[in-house]
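Next come structure tokens for two forms of one protein chain, structure 1 first, structure 2 second.
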Structure 1
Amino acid sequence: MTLDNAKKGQLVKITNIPDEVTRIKAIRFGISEGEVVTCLEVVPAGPVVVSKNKQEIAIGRSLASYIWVEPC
């Protein structure tokens, strides 16, 4: 599944970011493949807010739709 389909409170591991441009954008947010993040909020038609290392990161829905994750 992709990050935009994660549920609030769900712990997910980022498994694949297939597109190079998307991977660069994700790295700018401090996330990369193999990272485990907690989905804090999925705003309808808005960003996906995740938590990593006590830091909250709002990721645009279009970017989140290209980030593949699996539940932990």
Structure 2
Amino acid sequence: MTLDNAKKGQLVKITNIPDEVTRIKAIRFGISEGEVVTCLEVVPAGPVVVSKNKQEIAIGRSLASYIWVEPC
């Protein structure tokens, strides 16, 4: 499934980020393919907020729909 379908509080493992620029940016934020993140908040029709350790990142809805994850 894609990240925009994740539920609040769900732990997901990022499996694929197809866009290269996003992938590079995300790695620096500490989120890379294979990483497990918590879906902290899903703003209705808006961004998805994920967290890893104490780091929180808001990802726009359109971008989240390109990020493949699997629940774990």
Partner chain sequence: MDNSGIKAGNPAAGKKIVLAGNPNVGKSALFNILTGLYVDVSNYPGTTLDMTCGRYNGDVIIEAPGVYGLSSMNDEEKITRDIILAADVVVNVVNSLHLDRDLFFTLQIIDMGIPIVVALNMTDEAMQVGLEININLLEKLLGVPVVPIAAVSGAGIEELKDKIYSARTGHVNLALMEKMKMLLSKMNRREALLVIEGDAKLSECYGVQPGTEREAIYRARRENVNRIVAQVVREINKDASIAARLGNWMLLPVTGFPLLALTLWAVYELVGVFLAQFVVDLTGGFMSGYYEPAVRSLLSGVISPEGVIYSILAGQYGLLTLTVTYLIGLLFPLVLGIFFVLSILEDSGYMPRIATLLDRTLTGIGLNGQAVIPLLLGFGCVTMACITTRILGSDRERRIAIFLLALGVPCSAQMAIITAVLAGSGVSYMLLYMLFMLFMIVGAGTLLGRFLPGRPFPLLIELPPLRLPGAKNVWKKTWGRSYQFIKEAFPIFAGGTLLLGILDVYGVLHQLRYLLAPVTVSWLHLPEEVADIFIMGFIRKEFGAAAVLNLQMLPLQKFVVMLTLSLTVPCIASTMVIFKERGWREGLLIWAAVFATAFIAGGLATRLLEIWLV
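Between two forms, the rigid core is the largest collection of C-alphas that superpose within 1.5 Å. Structure 1 provides the reference sequence; residues are numbered from 1 along it. This is a predicted model, so every value here is computed, not measured.
Between structure 1 and structure 2, which should be identified as the form predicted in complex with its partner chain? Of the two forms shown, it is structure 2 that corresponds to the form predicted in complex with its partner chain, while structure 1 does not.
Rigid core aligned, does the Cα position of Val37 differ by 2 Å or more between the two structures? Result for Val37: no, shift under 2 Å.
Once you overlay the rigid core, does the Cα of Arg23 travel 2 Å or further between the two structures? It does, since the Arg23 C-alpha is displaced 2 Å or more between the two structures after the core fit.
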